[in-house]
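This document starts with two versions of one protein chain, written out as structure tokens and named structure 1 and structure 2.
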Structure 1
């Protein structure tokens, strides 16, 4: 079966619609959408599952704008950067026009990002073919260091990463095959299932968060609204504006791709930078929204470049996707391009279909569905999410023991979330931890524990220097910001 099969195209379409609906409803996130979909996707085979995953991840960020247009509430953090402007456009011109200036720039940003994804991933793979375990060790360490340094509190980042990596040490160790921390429980020999952890961290902790802050809001308060002159506003007027702002859109898309490519950054940072740059140039609301929406969607494709080429997740979403790749028996990185070349082409194709066709045409359809769903109180949706989390965690392995893990990891995720710890880093730690250990142990075993061997190959030396430069540079930058902000020491953590 290929991505051009009926099943895969249907999965792509349904995945996109599902991602769009989740992305659009405030409180339901892209990560939650994928966490709940995984137990179903596991049964569908790699081609169909990956098609659906690409559909979900590519449209969920764009769909965050639908919540902004309809109820002035961003569906995802990536849309928060220009919610005010987009909602103002919806009120002053029409919701259809506002959705148009969100959908088409999103599609353009995603297509530009796809261009960079094709060129960038192929280039990086060519480079990665020269890598041995030494270079991969430094590369994984770079992902970890940049992830910790990217969050406001280094200590919180270190704890989140440390917990994720410690969770990943449970079970057989990746280098020698010794069981660790299993406490005699056979279900733990294979380690904590990444997908169960994902459902617990993003599904259960979300429900528990709503239980703690039980809102008395009956609904999202969506006002009844008529879409009005849909064709004229959504297609013609929005496209006219996009053509007029074509160079600015291109600039924002390139910027978004670059930010998405950086480890630890992501769609929301891309959107904030891009829309703030436009505000600084006294841009009109529609121009700010255009730049923000193209940048955050370009960042989605940008984050896929290191994920596909090197097996290094740039953000939470790609960490989840990489976990899913592994669960489907596919190892991302150079091996993906060597052994599954046709799959790589199909991933590019699926990205193209979502960006060029589904995003612009599905935008309007998604908005209609979301408008109906927004009338359902979030409390009802969260209750259903709890039930589906239980089913999802059990369905992954048909193992009741996973439900105990769901409760324990759900409690951990909830506590981390309440304390303002970055949950995404726990997931990144679970993905990167075993890779770091594996490359370190392999390097050490083949050189009889000669630590200098990490600095003997030129590429390894360059990557080691990059790690050092990253630590010195970011810490220096942060010190400068703190001084500029004149924050008290307690706030600088």
Structure 2
């Protein structure tokens, strides 16, 4: 069966629509979407099933930005990296423009990742195999440092990140297996689910914010709906900005691909690192959103590199993918390229069609829908958002206790927002905090608590130097050290 058959194209289209729905609703992730689809996909042929999988994974990651544009609530964890900026762009310009600078960079990032997937798989995987727990520790720390230094107040950023990392320590210690901070509550032994916290911090806190300010507006104040304006903002204005920022988009896409193919990294870390680096350069909100969304989707294709070339999962999605390969009687790795060359080509074509056609057109359809939703009275819309928060939080584990956590963390997020603390860094602490602890403990245990081992490997030493250079460079720019060094000696005093 050829990939261009009606069955495969229909599977790609339906998979994309299915993934977009799951990505746009908080709590329903791409991983959940694929997990629910597997019982059906197993009865399809390999090319049809893989086409549907690619459509689901690619569009679910992009669709997470729709909630950010509409009500400042990310649909996926990776979208949380630039939710604030994307929502600000939607308020200042238009939702169509905001979705345009999300969809087209996402497509570009996915195409760049596809390019590396086609021509550079084996070379990039060889580099990734050099990473041990020491290199991963410094890489995760680089993402943390860039996030804290990117906010206006480093102190508030550090406090917000520390709070997120503290919340992530609740439950069993991953290294020693001891329960921590559970206060005798059995429901906390598994820790606080990240998706429940994400919905609480960005969803419930947003609803509480609107209730406090008692907005009596009939709507969001959106301009009258005109399809011509939506088309112009989405296609013309957004593409004009993408062309202007083309070199930055390329850098973010390459970075996202690199982070994506590192085992255990994925699109979440790629989006955080890329958007934080642009914040550190004092980028405008639309520039931060461009870099974050391009790295976000480039990491999706990047995660397929080790999965196809070596049979090693780059993230949760590709771990499920490997299971699908084996269930369909296909062994990932060199055998995949030797015995199933036509299937590999079909995978490449599926990525290309999703990136170049389905994702931009899906974004335009989303822009039309969002523009219509903005006419709904804001109190009605916030009520619907709160309902989705409750349903999404409960759907994660089907555990009523998560609803209590939703209320408590939502109130905490509202208090932090009122105090000017960046909620994104709380989420960053919950994402990267456990990874930092895990790689640190693994490194310490296997070296018998020798701290110098973090500096003994050449690649680890390079990453450590990058962390130090970033701290010194950014703090130096903020405090004017470099400007002072350029002054004549008699003027420095």
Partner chain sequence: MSSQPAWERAVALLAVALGALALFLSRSLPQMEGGYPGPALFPSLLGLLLLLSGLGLLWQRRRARGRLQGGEGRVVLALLGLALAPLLLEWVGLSLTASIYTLVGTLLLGVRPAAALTTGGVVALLVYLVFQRFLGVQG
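Here the structure is a predicted model, which is why all the values come from computation and not from measurement. Rigid core (definition): largest C-alpha set, two forms, superposition within 1.5 Å. Residue numbers count along the first chain shown, from 1.
Each of the two structures shows the same chain on its own, and it is structure 1 that derives from the form predicted in complex with the partner chain. With the core held fixed, the Cα of residue 427 is displaced between the two structures by 2 Å or more. Residue 169: CA moves 2 Å or more between the two structures after rigid-core fitting. The two forms, fitted on the rigid core, differ between the two structures by 2 Å or more at the CA of residue 205.
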